[in-house]
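Single chain ahead, written as C-alpha cells, the form predicted alone.
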Amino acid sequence: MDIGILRRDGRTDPFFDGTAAGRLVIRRCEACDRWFAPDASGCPGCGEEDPGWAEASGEATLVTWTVLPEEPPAYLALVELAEGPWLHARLDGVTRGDLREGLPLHVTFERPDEGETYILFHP
C-alpha cells in the first residue's frame, strides 16, 4: 500500500527523530505521568501546555481495523499502546484470519527511500 511521502512539520520532529532511530516516541506529561498520542497539544490532567516526549515500549493491542480492498489487501488499524494512547497505523504480517480484538502487536519501522520513517504494527 503506497501511503505517499511523509514529511515532518516541526511539531513532529521528536516523533520522526525517534522513528529514524527505531524508537517509538510519544507525548508524556511528566507531572501527571500520563501518556498521549504524538499529536497531543496539552495535558488535560494538569493543564501542561507542552507535554514532553518519551520512548514508549512499542507494545500494543488491536482495538479495531479495516481492510482496504487492494491486492494484496491493506490493513489499517487503531491500536492501544501499552502506555494507554491509541494510534492509527498500518498492520503488517497479518491475514484476515489473524485479526481479532485484543491481538497483541509490536511496533516496527518502515524506512522508505524518500520521506520519514514511519511505524507499522506486527503480531
Partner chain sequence: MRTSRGTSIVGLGMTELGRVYGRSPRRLAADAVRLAAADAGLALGDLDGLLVSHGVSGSPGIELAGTLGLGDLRLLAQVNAFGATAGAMVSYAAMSVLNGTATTVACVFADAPRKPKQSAGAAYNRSAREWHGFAGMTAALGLRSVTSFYALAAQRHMARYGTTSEQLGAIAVSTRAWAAGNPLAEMRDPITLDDHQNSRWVSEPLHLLDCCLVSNGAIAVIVTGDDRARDLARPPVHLWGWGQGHPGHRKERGSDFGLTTGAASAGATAMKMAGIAPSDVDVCELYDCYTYTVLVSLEDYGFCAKGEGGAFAASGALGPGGSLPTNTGGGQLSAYYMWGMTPLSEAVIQARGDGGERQVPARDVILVSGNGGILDHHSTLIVSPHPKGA
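Residue numbers count along the first chain shown, from 1. Here the structure is a predicted model, which is why all the values come from computation and not from measurement.
A second form of this protein, the form predicted in complex with the partner chain, is not displayed here; the remarks below concern that form.
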Touches the partner chain in the predicted bound form: residue 108 (any heavy atom, 4.5 Å): no
Touches the partner chain in the predicted bound form: residue 122 (any heavy atom, 4.5 Å): no
Determine whether any heavy atom of residue 68 comes within 4.5 Å of a heavy atom of the partner chain in the predicted bound form, and answer yes or no. yes
With heavy atoms only and a cut-off of 4.5 Å, decide whether residue 64 touches the partner chain in the predicted bound form. yes
Option touching the partner chain, based on a heavy atom within 4.5 Å in the predicted bound form, out of 56, 77, 43, 94: 77
Interface residue in the predicted bound form among 39, 33, 98, 50, criterion: non-hydrogen atom within 4.5 angstroms of the partner chain: 39
